[in-house]
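As a starting point, one isolated chain is supplied in structure tokens, in the form predicted on its own.
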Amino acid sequence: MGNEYSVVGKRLPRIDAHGKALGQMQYIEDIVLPRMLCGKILRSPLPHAKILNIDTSKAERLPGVKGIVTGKGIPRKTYGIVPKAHDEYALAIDKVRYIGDDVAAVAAVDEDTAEEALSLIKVDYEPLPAVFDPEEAIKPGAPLIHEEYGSNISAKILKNFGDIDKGFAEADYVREDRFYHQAVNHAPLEPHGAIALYDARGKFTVWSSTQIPFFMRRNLAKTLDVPESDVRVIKPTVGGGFGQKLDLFAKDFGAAWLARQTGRPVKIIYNREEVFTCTRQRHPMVIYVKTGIKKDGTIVAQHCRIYADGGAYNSTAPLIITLSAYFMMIPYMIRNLRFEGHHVYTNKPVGGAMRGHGIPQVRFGCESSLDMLAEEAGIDPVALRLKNALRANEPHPAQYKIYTCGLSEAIEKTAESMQWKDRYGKLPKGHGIGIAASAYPSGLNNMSHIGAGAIVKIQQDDGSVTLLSGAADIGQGAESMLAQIAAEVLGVTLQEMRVLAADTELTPLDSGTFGSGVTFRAGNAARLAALDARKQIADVVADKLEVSPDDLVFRDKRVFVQGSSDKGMSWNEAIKAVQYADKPMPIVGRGFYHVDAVEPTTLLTQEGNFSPAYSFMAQGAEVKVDLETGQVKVLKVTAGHDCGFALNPISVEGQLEGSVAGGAGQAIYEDIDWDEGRIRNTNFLDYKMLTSLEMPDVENIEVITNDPYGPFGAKEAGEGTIIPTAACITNAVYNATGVRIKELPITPEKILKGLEELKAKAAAKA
């Protein structure tokens, strides 16, 4: 598959590769405007307190300070990512709810002056009781973080499928366990930043390192209390996001407000401590999993109860627990299931979207539970997963429509590559292998505004093609993918393609980068726009060649009759033919794509299909554990991924390897260190991550299923692959040592403690 194409399916370098390699790309830090001021944010030193008074008089008198804004001077407008979950002000107004909460913003002539101004602002606080554990936060009498809600449970979901009691009654093996997935930081190399300009017409232009420019425009307009038409958001090159750059932050609002107040451009760039403390993190989560299977390995029932620690504000609260619930139903067929999800306020930094968005935590618990039951029942873990794997077009209890599913193939190929049958349970002590599986959506279809538009413009002078898209490339290669799709449709090479993206004033509407929907949404939009432009050319060329437009082939910069490649013309000649036919120039094609949706959002209360396509994945890990020190080394990860069709195999492989790196790091190293709500490891020295020295070998196995609705058959590739990594590593660690890790990360201390407990049990039996 793929030989029929000339651009998609090929191992081509990204269109921005040279610019990045040569340091020519423009990140937010690189943008400098005339008379630009430096902005800084004053943050709360307390986890929970009333704001009694803020005195800015000394700071205002400091030479070089040009503007100051506090919560008392801004519109009382809350904002957020998810509808009906808006609970955050652009700056704290009545009280602060975590250490680092945004209190005031200043603009000064340079960074030193801005920092000094912050030190001169006096804030009178009345400390309030704080709570830092989600299970403590839901107990009666716990301090209320948002009193207006009357509870610290900010969102909850209950899903029941089938008859859970009947299912457990039929089970031959049942077990219930508690798991914990720690908080981790996205750690993008580029810190968050924004620059704002307010012009004489009363219009804001904001450059922001954002993943969702159009959502950013909406939230900025709301918090500034101006029409959306008065706000333009431009996304420059972004150095990594992973979900952390979805939300509006004080840097965006503060830069815009102070630009209007001072009449000068304002830049606010977060330092690394602010990225760790004052943006977003993966939700720490307590997971209770009860699973029942029959002797033959059939999963007959599963009950999951989670408490997601959301920190001080909602961010994506309803969505994270909804996704966690809906992905309990895949990748396996479970006809009897109950899911109880709770998003809980605590006085800690805020949880938000991160690669996989709530699903890695839950699948860590579920995949561990399956391995434990497989051992009790004497069933091979691979066989158990194959027994229950979903299949395409199979009726689903939750009414999902799964048109393509390569899960069984991914499991089989992963196991075969690992030599599972010959090695599982047969390796020396301290050396083990494990497996896990998962699934992920190709975007969501639960809201009609989650769509994407595209415009293709073809220049008459040289035949070059400009693609305009609102999609946000945050390093994953979205612009290259869109260019490949349009180039394939038009029959040109990537050299002819230019991409202008993510500018709310110039580019079509796009919901941004989240939920692995860019390929499906923006990719299909680009394909439709290119088809529209191609039709305009085909109508003219077909008339000249006296054939039907449907008989024409666009390939290799030529337009010719199918089956008669000599009967045609070059790409540039075809463009000239349109021009000489007195057709509108330049040639402009338009496309818009969204899947059927129901409004308002119904996922919390109703069942049904919530994505146009689902990708499936299996991962196997091989580990070596030092039984003297407890140190874990991940030797190899084999990743089998059903991506539909690889539009660019290099990009797919890069995404899979990046997911493995992130997942392995979170399994054995990454952990936010808390002390009464304060993060103590807010830098790359103290926050341990996987480096190139610890990176395991990665074998990528692409499973091709060719989805009927994806552009050229493509589905999600990359984000979902982080989901099974921690689970397959913990399963491998158990295989190597007999120590079952139920709380991440896998530290040497936990391994050694587990080994001591095993020795004690063995001695007691003797």
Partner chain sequence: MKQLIELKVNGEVYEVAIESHRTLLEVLRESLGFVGTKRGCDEGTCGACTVLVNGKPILSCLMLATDAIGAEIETIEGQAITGKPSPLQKAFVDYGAIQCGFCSPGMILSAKALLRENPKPTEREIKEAISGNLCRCTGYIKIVEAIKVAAESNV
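Keep in mind the model is a prediction, meaning the values are calculated, not measured. Positions refer to the first chain, counted from 1.
There is another form of this protein, the form predicted together with the partner chain, and it is not shown here; the text below is about that form.
For the chain seen here without its partner, which of 524-532, 79-87, 388-396, 675-683 has a heavy atom within 4.5 Å of the partner chain in the predicted complex? Single hit among the candidates: 675-683.
Would you say all of 23, 186 and 189 touch the partner chain in the predicted complex, counting a heavy atom within 4.5 Å as a touch? Yes: 23, 186 and 189 each sit within 4.5 Å of the partner chain in the predicted complex.
Should residue 17 be counted as a contact of the partner chain in the predicted complex, where contact means heavy atoms within 4.5 Å? Residue 17 belongs to the contact set for the partner chain.
is_contact(residue 214, the partner chain) in the predicted complex, heavy atom dist at most 4.5 Å: Taking the distances in the predicted complex, the answer for residue 214 is no, it never comes within 4.5 Å of the partner chain.
Taking the partner chain as it sits in the predicted complex, is residue 509 near enough to touch it, meaning that at least one heavy atom pair lies within 4.5 angstroms? Residue-level check for residue 509: no, no contact with the partner chain.
Classify residue 540 as contacting or not contacting the partner chain in the predicted complex by the rule of any non-hydrogen atom within 4.5 angstroms, answering yes or no. No, no contact at 4.5 Å.
Among 403, 132, 168, 270, which has at least one heavy atom within 4.5 Å of the partner chain in the predicted complex? If I apply the 4.5 Å criterion carefully, the residue I get is 270.
In the predicted complex, which of the listed residues (607, 657, 375, 496) lies with a heavy atom within 4.5 Å of the partner chain? Selected residue: 657.
Out of 25-55, which residues reach within 4.5 Å of the partner chain in the predicted complex, heavy atoms considered? Residues within 4.5 Å: 25, 27, 29, 30.
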